[in-house]
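Each of the two blocks below gives one form of the same protein chain as structure tokens; they are labelled structure 1 and structure 2.
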Structure 1
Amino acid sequence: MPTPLNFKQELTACFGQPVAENPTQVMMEAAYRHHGLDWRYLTIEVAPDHLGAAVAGARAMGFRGFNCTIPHKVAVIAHLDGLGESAKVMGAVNCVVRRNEQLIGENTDGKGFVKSLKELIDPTGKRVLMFGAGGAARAIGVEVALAGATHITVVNRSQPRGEELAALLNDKVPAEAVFVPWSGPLDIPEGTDIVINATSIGLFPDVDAELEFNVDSLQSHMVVADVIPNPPRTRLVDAAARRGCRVIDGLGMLVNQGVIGIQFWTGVDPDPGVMRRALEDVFGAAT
């Protein structure tokens, strides 16, 4: 008998708002094609008030999983069946996986970031300053501490959120964390080894937005990382490079967390080079 034709594709997605500027689809579908997977990755605008309905829809339509980005990384937890270990510690989810008909929240952001970071510097014993206290900052803070960082300064405009993240880090991980209010231009303290932008400042279309800090306080021994993937060369990355710092753009974290997501969803170990090159082709920025 002839082999039955199968026109059903497995579905994955990204839920966010705004989400049109999110390039994840480019690298995920490149990986699916490269590995011969008949899967799709959809970029879907989901307003906060509709998040529950979107998760219910993904459940009903048999999605194999989905990513969550701004502003859903914390709010999505209420709509899931359970959390993986990392997401439980962080209180944030960026990757949802269907397991035995249950939707389980995982967090791959922090692990993806640390993998990029270790290509330039070993976090062990290092002092970190991180801008932001949202879902990405939670994930990065926890994983950087677990990777050996000894001190993390959390800089955030909202004092309650900043204090909450510092308290979470002090409670959950083997690192000292302090909160510093962000009420004006900030000097990067002497002795800082790693500077991280874990905010959305500089994300397309607001590409001219800049972190409010004194660029001259960056020193050449520092590693400066930006989580913004679009554009890959943010104002922060360019300014830090001019100061002689080693820099990490947002594509590194995006690719590495995407690799883990595909492993969760498909069981396939995807080629990160294929994923990175697809993004570089889109942005015209082979770096």
Structure 2
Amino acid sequence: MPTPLNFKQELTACFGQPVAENPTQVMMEAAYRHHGLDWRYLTIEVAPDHLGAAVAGARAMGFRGFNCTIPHKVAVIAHLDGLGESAKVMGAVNCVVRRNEQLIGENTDGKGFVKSLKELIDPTGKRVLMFGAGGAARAIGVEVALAGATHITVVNRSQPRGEELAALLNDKVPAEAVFVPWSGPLDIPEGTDIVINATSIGLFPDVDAELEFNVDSLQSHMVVADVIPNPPRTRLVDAAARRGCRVIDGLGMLVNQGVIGIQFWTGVDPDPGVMRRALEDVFGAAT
């Protein structure tokens, strides 16, 4: 008997606002094509007032899952049936997975970051300095601690947000965390192993914005990571590479969180090289 023709594709998506400049679709659909999966990944603008309706629509249309980006990562929780372990700790979801007809919220941002980090350094027993205390910083702080980092310094412009993240880390994960207010140029302390920019400083179009810290305090044994995916070669990545540090750009985290999302949704282990090359193509291979 011939195989019946099938014109129905499996659906995944990204819900955000603004979302038009989010390049995730490029790498996800490259992976679907590469692995022969008849799946789609749609980039969908969802206003905050319509988030509940969008999630109900995803349920009604049988979406296999969807990513959430700014400003939905916390608000989406109210519309889901349950949370994975780290999403529960962070109180934020960036990846929703349909399991047994339930929508379960996961957080792959920090896991993706740690996957990139482990390609260069084992976080076990390491001291981390992280700029930022927003959603990305929360996810990264929790996962680097779960991966074995023992000390995390949170540097943030807004004091309440920085203090809240340090308290969450001290309370919920096995790492010691301190908050340092960011009120001017700062020296990276001796003994730091990993420096992370988890702020939005340097994101397109403000590509010339610089982190306020003393670049001369970077030492060549430090691993320096930036979460900014666009452009991948930020001023921080450039300065750290010039000082002999090993660097991780924001495409590493983006690709790896996408790899984990595809694993969750499809059960297939996608090729990260295919996904990264698809992104490099759209960013003009400027990595």
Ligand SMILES: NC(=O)c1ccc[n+]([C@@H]2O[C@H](COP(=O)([O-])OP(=O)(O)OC[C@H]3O[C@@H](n4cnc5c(N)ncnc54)[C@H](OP(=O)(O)O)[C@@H]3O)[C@@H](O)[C@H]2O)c1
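For numbering, take structure 1's sequence and count from 1. In this text, rigid core is short for the largest set of C-alphas that superpose within 1.5 Å between two forms. Note that the structure is predicted; figures quoted are calculated from it, not measured.
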query: Structure identified as the form predicted together with this ligand; finding: 2
query: Turn of the lesser rigid segment against the greater one between structures 1 and 2, rounded to whole degrees; finding: 14
query: Following rigid core superposition, Cα shift of Val74 between structures 1 and 2 in Å; finding: 2.7
